[in-house]
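In the block that follows, a single chain appears as structure tokens, in the form predicted alone.
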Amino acid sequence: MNPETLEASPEALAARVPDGAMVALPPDNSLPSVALAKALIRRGARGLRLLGVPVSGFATDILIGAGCVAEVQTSAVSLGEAGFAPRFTAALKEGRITVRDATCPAIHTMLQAAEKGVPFMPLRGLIGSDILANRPDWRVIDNPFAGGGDPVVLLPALSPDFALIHAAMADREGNVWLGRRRECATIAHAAKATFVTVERLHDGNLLEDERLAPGTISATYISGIALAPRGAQPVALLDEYGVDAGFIAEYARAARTEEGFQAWLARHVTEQHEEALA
């Protein structure tokens, strides 16, 4: 592994994310790095522009609550069975964040355009919806191959500054195993830089293992890796561990108020980290 790729901690990776950066996070069921979200909070990050790929969840809500976020582009923000994301809802009502509405197919299409190195890609299914009125960066044209009467939407390529992912393992060459969550490969291909926290390091080259290679993303697309055991909790990580529904429900109750959220933040982000370092 390139010694510059493996960092000492999630804090070291978070220090490389500047204020105002566009940061892509996968949804709660697809490898988000909660460890890096917490590290950004401890760093005091500000003005982040979050991209939910394609929806946003727990990590997004705690970043918003901590005052790290200026903008969210997503198709939804939710805590799943625990209901609405309380800090997102409060920030939106109070006008503290900008929300850029999108759809799941639209977000994936914009990332795929960046992945392929093309300036835009067409998408059907948006025409007739209200969302087009609020997205002046999306253009409707007539399909040039249809001879008229066939409008399509053109979506610009979207290349986030950083993608933040938590995976089960990486090898010492810098390759990362995503398992069945191949959509995270698209995020990494599209992003300018991808930071990954992992449960463990794998002995051997993941790309040389016939069983593991199909679920592996090449080190070419990885800009930094840090060990962070249980770094996706309280959300699930493949077959490694399941979602902690009770913890998320407890968070949802606490975060209904600013005071409750700040108490939760101190207990589970600040104090917990200080105890780990002691």
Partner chain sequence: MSGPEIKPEERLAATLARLILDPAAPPARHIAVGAASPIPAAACWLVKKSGHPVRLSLLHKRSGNPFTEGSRELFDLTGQGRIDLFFLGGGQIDGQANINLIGTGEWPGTGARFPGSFGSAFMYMMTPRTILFREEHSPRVLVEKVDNISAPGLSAPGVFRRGTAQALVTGRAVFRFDPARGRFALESAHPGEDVASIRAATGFDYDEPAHLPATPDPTPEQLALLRGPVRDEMIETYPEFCARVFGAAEKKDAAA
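Since this is a predicted model, take the numbers as computed values, not measurements. Positions refer to the first chain, counted from 1.
Omitted from view is the form predicted in complex with the partner chain, to which the following refers.
A heavy atom within 4.5 Å of the partner chain in the predicted bound form is found for one listed residue only; from Leu158, Val198, Leu123, Ala91, this is Leu123. At a distance threshold of 4.5 angstroms between non-hydrogen atoms, Glu71 is out of contact with the partner chain in the predicted bound form.
The shortest heavy atom separation between Gly128 and the partner chain in the predicted bound form is within 4.5 Å. Within this chain, Gly117 lines the site of the partner chain in the predicted bound form, having a heavy atom no more than 4.5 Å away.
Contact check for Pro54: a non-hydrogen atom falls within 4.5 Å of the partner chain in the predicted bound form.
Of the residues in 218-233, those that come within 4.5 Å of the partner chain in the predicted bound form through at least one heavy atom are, in sequence order, Ser218, Ala219, Thr220, Tyr221.
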